[in-house]
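Only one chain is shown below, in structure tokens, and it's the form predicted on its own.
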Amino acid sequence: MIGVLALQGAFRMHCEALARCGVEAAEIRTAEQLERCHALVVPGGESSTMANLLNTFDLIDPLRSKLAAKMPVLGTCAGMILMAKTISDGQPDQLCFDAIDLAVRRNGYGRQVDSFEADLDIAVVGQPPVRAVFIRAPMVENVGTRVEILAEFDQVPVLCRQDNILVSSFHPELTEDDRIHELFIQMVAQSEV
């Protein structure tokens, strides 16, 4: 089962995207629900608020355990921040799970008024280009050697993969183009083989 962390952000839109791909997703709010997941989507939102909610709902340690067990994760925007190794411009005690070897800067592309859309060529999903929506998006500042860069915007990585972790600076759930979710579903299927 693919779960979608349903504490904040556009989690329902991720569920809808997965449904269009033929996969039923479950909204995850408790450790018991998380335990039943084979994969997880961590949506966008506000990363420090999401970290506080993970703490409030006692999900930090269960999520760490699932990540240590190599559960596939798709992290978008704030989800990328939470999955990263290090965070710039975060709170001094900002939570990150070190699931992918990236250093990211919160709001690296600017504030809400600086939000934008761009067409991205992403070879692993084919043509046409993917329309990507960037909202207070994190900017990747450093990439570890095991990280595969799948897409860039202005020569900065915006879609990256390492093992079972797929992260994006943008919000793939905000368009009708489900190819990023399909890519994640393929990763989940390969991890279960």
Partner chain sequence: MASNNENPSTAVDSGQSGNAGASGRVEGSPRVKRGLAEMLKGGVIMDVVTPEQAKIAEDAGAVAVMALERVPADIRKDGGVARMSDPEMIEGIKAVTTIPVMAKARIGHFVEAQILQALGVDFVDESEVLTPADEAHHIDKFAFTVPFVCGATNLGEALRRISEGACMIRSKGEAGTGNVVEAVRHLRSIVGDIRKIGQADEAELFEWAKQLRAPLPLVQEIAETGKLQVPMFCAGGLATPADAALAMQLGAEAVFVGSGIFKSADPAPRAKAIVEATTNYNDAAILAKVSRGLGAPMTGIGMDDIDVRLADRGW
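Numbering follows the first chain given and starts at 1. What you see is a predicted model, and the numbers here were worked out from it, not measured in a lab.
There is another form of this protein, the form predicted together with its partner chain, and it is not shown here; the text below is about that form.
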Can you work out which of A26, A31, V147, L53 has a heavy atom no more than 4.5 Å from its partner chain in the predicted complex?
L53
Establish, in the predicted complex, whether G44, Q91 and D119 all lie within 4.5 Å of its partner chain, using non-hydrogen atoms for the distance.
yes
If we define contact as a non-hydrogen atom of the residue within 4.5 angstroms of the partner, is H171 a contact of its partner chain in the predicted complex?
yes
Report yes if any heavy atom of R161 sits within 4.5 Å of a heavy atom of its partner chain in the predicted complex; otherwise report no.
no
I'd like to know whether S65 contacts its partner chain in the predicted complex, with contact meaning heavy atoms within 4.5 angstroms.
no
N107: touches its partner chain in the predicted complex, heavy atom cutoff 4.5 angstroms:
yes
Among 66-74, 34-42, 161-169, 135-143, which stretch sits within 4.5 Å of its partner chain in the predicted complex, heavy atoms only?
135-143
Of the residues spanning 7-24, the ones with some heavy atom within 4.5 Å of its partner chain in the predicted complex are L7, Q8, G9, A10, R12, M13, E16, R20
